[in-house]
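Below you'll find only one chain, the form predicted alone, shown as structure tokens.
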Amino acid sequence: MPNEIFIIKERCTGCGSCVKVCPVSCISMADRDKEEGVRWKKLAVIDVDKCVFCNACVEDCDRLFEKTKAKVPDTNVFHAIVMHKDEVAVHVDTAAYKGVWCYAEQRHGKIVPTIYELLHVGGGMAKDLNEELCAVLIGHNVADAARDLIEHGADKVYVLDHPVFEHFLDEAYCSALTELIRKEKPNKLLMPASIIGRSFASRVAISAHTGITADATEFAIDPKTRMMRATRPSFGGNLMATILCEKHRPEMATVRPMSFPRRPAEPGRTGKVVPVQVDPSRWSVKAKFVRFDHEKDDTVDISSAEKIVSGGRGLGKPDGFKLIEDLARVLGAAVGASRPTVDAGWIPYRHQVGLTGRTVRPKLYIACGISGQIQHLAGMSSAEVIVAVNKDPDAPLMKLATLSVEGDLYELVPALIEEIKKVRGN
């Protein structure tokens, strides 16, 4: 029986409580003014296509039923949401799963450097577990990259090279990786929390009947249980949640880019390359690749930038970012921002640095008017050199910085720009 959820109209009071608890906002209230003989003027309506069958609304409505029943034993309201869920019984022999896998993302045939961070994290796990460290490479004409992955720590590289993988499609990539998981039974699987990684990692987890921790920033292996302890920011970065996957395998997680150092290459290192045959005719791929349009924005992406100039609330106004952009331009740097400026709408979210934004690891980080709350520091504290410009000498970032400059940024930054221009002769 497929998943099913519906409202018993006669019992729904239209109270709206279920709307508030729904995590995916798939419940709304409809008017019943045109219906004759009804007591309640509102009715809960569920968008089944958006529903994830989490049971939150059912539990909430049943709670209201029990509360009302305690006062009115013969009540005929609430207990109005019925859900039938197709539970897939999966009994996993966790001992049969071996190996730590890292997904090697590629774009247009080129390896994305995030895999080197994954191999660093996965290498530590593999050592603790005394298991193989493997990489999985999916694409077209990408087999030559397997040698590079071995030199960066992989003991084995699974290569799925086929024309169907020339352009990224969630369904095709998910089907291929899921088939390989079922066949080889890895113990752990790490994927990048990139646009592509986030897009199909959850699909893989569902297809493989396992759990996944999204956007993890810390990892550890429990020496007693041998389980992966994946930690991620929660509640806007105010708390850190450690998540376990006890009964299913592989244990999966997406890793926030730039959260870990890259594993260095060891030229001449040996490993095994395993070509994997795929048969796309077995898959039901409904999506079709049409074209790829390059982003026209000429600003440097902060996630891979070696130099970043960031602005904070100390700018005082949205126009202050013009000064930040001017300094970034003469340095050839990316423009970053603190969360308050993004929340205020001064600059787009893609520039946000911190736990709820992006984690960066540049060689130079210049922070202008940023006090340095813990959420921001967690996103940039791994920078090699940190320069802080702020009026407040006691600001947390001023104490962390390699070089702290106390003063008005609207006087100091223009002067710095002019000095850089003089040195460069322009």
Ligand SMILES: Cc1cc2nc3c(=O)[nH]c(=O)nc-3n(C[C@H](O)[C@H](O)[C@H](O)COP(=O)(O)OP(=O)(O)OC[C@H]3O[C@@H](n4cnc5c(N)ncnc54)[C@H](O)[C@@H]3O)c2cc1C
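Rigid core: the largest C-alpha set superposing within 1.5 Å between the two forms. Counting begins at 1, following the sequence as shown. As the structure is a computational prediction, the values presented were derived from the model and not from experiment.
The form predicted together with the named molecule is left out here; the points below concern that form.
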| property | result |
| --- | --- |
| Residue contact check: Asp408 to the named molecule in the predicted bound form, 4.5 Å heavy atom | yes |
| The named molecule contact at Gln352 in the predicted bound form, heavy atom, 4.5 Å | yes |
| Touches the named molecule in the predicted bound form: Pro362 (any heavy atom, 4.5 Å) | no |
| Pro233, heavy atom within 4.5 angstroms of the named molecule in the predicted bound form | no |
| The named molecule: the contacting residue among Gly197, Gly314, Pro186, Gly153 in the predicted bound form [heavy atom, 4.5 Å] | Gly314 |
| Position in contact with the named molecule when the complex is considered in the predicted bound form, options Thr68, Gln373, Ser28, Ser382, heavy atoms within 4.5 Å | Gln373 |
| Contact stretch among 72-80, 197-205, 337-345, 285-293 - heavy atom within 4.5 Å of the named molecule in the predicted bound form | 337-345 |
| Heavy atom of each of Gly369, Val389 and Asp392 within 4.5 Å of the named molecule in the predicted bound form | yes |
| Ala395 C-alpha moves between this form and the one not shown by 2 Å or more, core aligned | yes |
| Core-superposed comparison between this form and the one not shown, Lys317 Cα displacement 2 Å or beyond | yes |
| Per-residue C-alpha change between this form and the one not shown, Thr210, threshold 2 Å, rigid core fit | no |
